[in-house]
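Single chain ahead, by itself, as structure tokens, in the form predicted alone.
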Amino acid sequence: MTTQGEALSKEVIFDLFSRYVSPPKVRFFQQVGIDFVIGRREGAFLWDVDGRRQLIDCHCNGGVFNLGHRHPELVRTLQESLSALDIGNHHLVSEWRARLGARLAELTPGDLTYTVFGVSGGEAIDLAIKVARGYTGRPRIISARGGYHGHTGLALAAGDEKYRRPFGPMPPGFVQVPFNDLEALDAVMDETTAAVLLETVPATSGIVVPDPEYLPGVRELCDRYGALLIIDEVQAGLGRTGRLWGVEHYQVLPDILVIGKGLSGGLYPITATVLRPPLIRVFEPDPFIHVSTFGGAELGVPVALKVLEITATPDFLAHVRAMAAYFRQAFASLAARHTGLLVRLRQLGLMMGIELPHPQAGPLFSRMAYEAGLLCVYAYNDPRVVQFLPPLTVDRVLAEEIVQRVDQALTVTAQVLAQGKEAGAWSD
């Protein structure tokens, strides 16, 4: 048995993880030849526990590390919190939750006013669905095919079938339609629809940037049928798209906005389900009808406030847009160099996806990117696309280094694909 603080070899770590955490995950990494165990982490970089390999994090855990790993101001803020605060008590009124709720009301679009705090994105989505059903008295929730909202109960029911199927029947009332298709949405909406639940830019579907008229059209349909619009910005929020909230690009006001991942600063988990004023009446008969013991833990609230302070500044958002413009130009050059392999860069700000020609290419590129020193993860619901989410703090020098490594990974990917095609392993 190991003791706390004892240094372990990589072999021992993999053995312990296999025996006590997840044997299938260990087998997966062994099969694909990735023996990385996260050790030191700082800024845009991750180091293997043995110090032999360094990766530039271009996935950021789906936006958790928008400000990089262990951002100095956030670390300092959490250290200060530890001197005075703990989890707090969700039964009681909290100064720190009040402060964060007020700041979110100032920064979120329209009249979004009231915040219910949680720990995970799935929990926050669950609450949004509960509020929609409780407010409207209707059962039906419509979401996008290929979307992803978490692995908890109602969030799982609103997600893609591959996540639901292994766990048996889901609760009734959930319907999926193609994203970016107003006609398909209109065809299933009726007087039983409580809400339409959408990611602004579905990441697990492959960074699908909606047409300019799509989200405004969804808003109009919701108004026509008396349904609520729930926008999931767990990944797209907090500056990732070049604006503080992705929906600002489309001038759409949701009834419920769900925020997560980056709000934690990568240091203390916290999510927010932000509601328009009429919806708070769901809690009027019983203000304790929904509770989250660790949601909005006071220890982490100052970190979330510091995240908002940093990301909401005009200079910060201008920097994100400038880096997005650089990557746009750089990937146009890469596409010219890698014709037939790099189809295009899907992009809204620094929410980006590298589109490749077929499903085998995405996982292979992810593996070759690892060899080139980049952490990239292919989109699980569309493996042609590799999620490309560098920290929002990336500067020009690091961006150029990332592009060089992408170029290297594309070159090797093309070679391996050509060898596989010659051997008959796959065709175009």
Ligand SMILES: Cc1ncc(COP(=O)(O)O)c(C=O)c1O
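The structure presented is a predicted model; accordingly, all values stated were derived computationally and were not measured. Residues carry their position along the shown sequence, with the first being 1.
Beyond what is shown, the protein has a form predicted in complex with the ligand; the following relates to that form.
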Is H71 close enough to the ligand in the predicted bound form to count, meaning some heavy atom within 4.5 Å?
no
Though only this chain appears here, would S94 touch the ligand in the predicted bound form if you measure heavy atom gaps against 4.5 Å?
no
Flag S120 as yes or no: does it have a non-hydrogen atom within 4.5 angstroms of any non-hydrogen atom of the ligand in the predicted bound form?
yes
Decide whether D255 counts as a contact residue for the ligand in the predicted bound form under a heavy atom distance cut-off of 4.5 Å.
no
Any idea which of 338 to 346, 287 to 295, 243 to 251, 121 to 129 reaches within 4.5 Å of the ligand in the predicted bound form, heavy atoms considered?
121 to 129
If you check G266, P210, G300, G150 against the ligand in the predicted bound form, which one has a heavy atom within 4.5 Å?
G150
The unique member of L215, I141, V234, V320 whose heavy atoms fall within 4.5 Å of the ligand in the predicted bound form:
V234
Residue by residue through 243 to 266, which ones have a non-hydrogen atom no more than 4.5 angstroms from the ligand in the predicted bound form?
K261
